[in-house]
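Two forms of a single protein chain come next, each set out by itself as structure tokens; they are called structure 1 and structure 2.
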Structure 1
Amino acid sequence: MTNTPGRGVLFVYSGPSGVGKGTLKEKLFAEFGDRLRYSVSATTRAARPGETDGADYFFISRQEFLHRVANNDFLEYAEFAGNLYGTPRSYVEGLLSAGTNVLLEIEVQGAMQVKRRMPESVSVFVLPPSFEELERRLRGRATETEEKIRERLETARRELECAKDYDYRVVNGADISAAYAELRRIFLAESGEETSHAN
């Protein structure tokens, strides 16, 4: 992906629930937090225990969300599991024009909208080693009802079909450090940081 000089790179990052993408993302920010910014999305879903407004999401009402859609305030938005999620356009565009790299962690429909609008963005999909392994991990959480687990698995199956449309696919198997090494390599290569880190 060639990017305009001086402009930040937009990373679009997706993967099914239970694949470990949160942990990989945390590792990336722990290492590159000084040159990568996370875009906090707006959502209509309720905050989960431990989540903070403005840090995890901007928690807003459906009415407010639709008002922002009408104002063209979102770079992309999508409905997922009955809730709306959207990426604030001005925040992301401001950072990119200022030369800062930005990462969006979004689901597949939104990712495809971003790819259409900003083909120079770099998309990464995190895959489980197999569907059976994803099922095992989701069941391992054991906090959800069978119906919820089935719903998540069905959503995951549909999401996995979209993996082929991403620029990169990273398999998170038994060894998370191998998956992280791959994600890191993609970040360094695509953000043009490679040279400053080579030794």
Structure 2
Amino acid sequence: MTNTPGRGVLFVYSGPSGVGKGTLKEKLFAEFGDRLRYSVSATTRAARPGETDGADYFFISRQEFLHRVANNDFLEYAEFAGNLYGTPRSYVEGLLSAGTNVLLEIEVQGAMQVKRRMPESVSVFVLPPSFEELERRLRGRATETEEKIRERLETARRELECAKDYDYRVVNGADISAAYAELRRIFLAESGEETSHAN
């Protein structure tokens, strides 16, 4: 991918539930948090206790959200459980223009919307070593009903079919350090920071 000098890179980050993408993301922010920001979404749902406007989400009314949709102000948006969620274009653009890299963790449909609107973005999909291993990890959590696990597995099956549409695919197998090394390599190569973080 080519990027404008001095401009940050938007990393679009996806993977099925249970694949371990949260752990990998935490490792990336622990190492590069000074030059990587997490994209904050806008939502029409009410703030939960402890959530902060502008940090967890941008909390806006449904009317305001739809107004922004009409103005093409979102890189992507979707509706879940009666609430609207979207990625504000101006927020992301502001960070990128300031030279800050942005990570947007998002499901597959939203990722494809972003790629259409910002083809220069870099997409990364985290894969399990096998579907059987993903199922084992989900069941190993022992926190969800059988119905919920089946639902997650069905969603994962659809998501995995879209992995080929991403710029990079990272397999998170038995050794998470190997998966992180690959994610780190992608970040350094695409953000042009190999020299400042050479091992």
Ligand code: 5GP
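In this text, rigid core is short for the largest set of C-alphas that superpose within 1.5 Å between two forms. Note that the structure is a prediction, hence the values are computed from the model and not measured. Residue positions are counted from 1 along structure 1's sequence.
- Comparing the two isolated copies of the chain, the second one is the form predicted on its own.
- Hinge location among V69, R89, R116, R62 for the rigid parts moving between structure 1 and structure 2, by C-alpha fit switching from one part to the other: R89.
- Of the two rigid parts of this chain, the smaller turns against the larger by 25 degrees between structure 1 and structure 2, per C-alpha superposition.
- Taking the core as the reference frame, the CA atom of N83 shifts 5.8 angstrom between structure 1 and structure 2.
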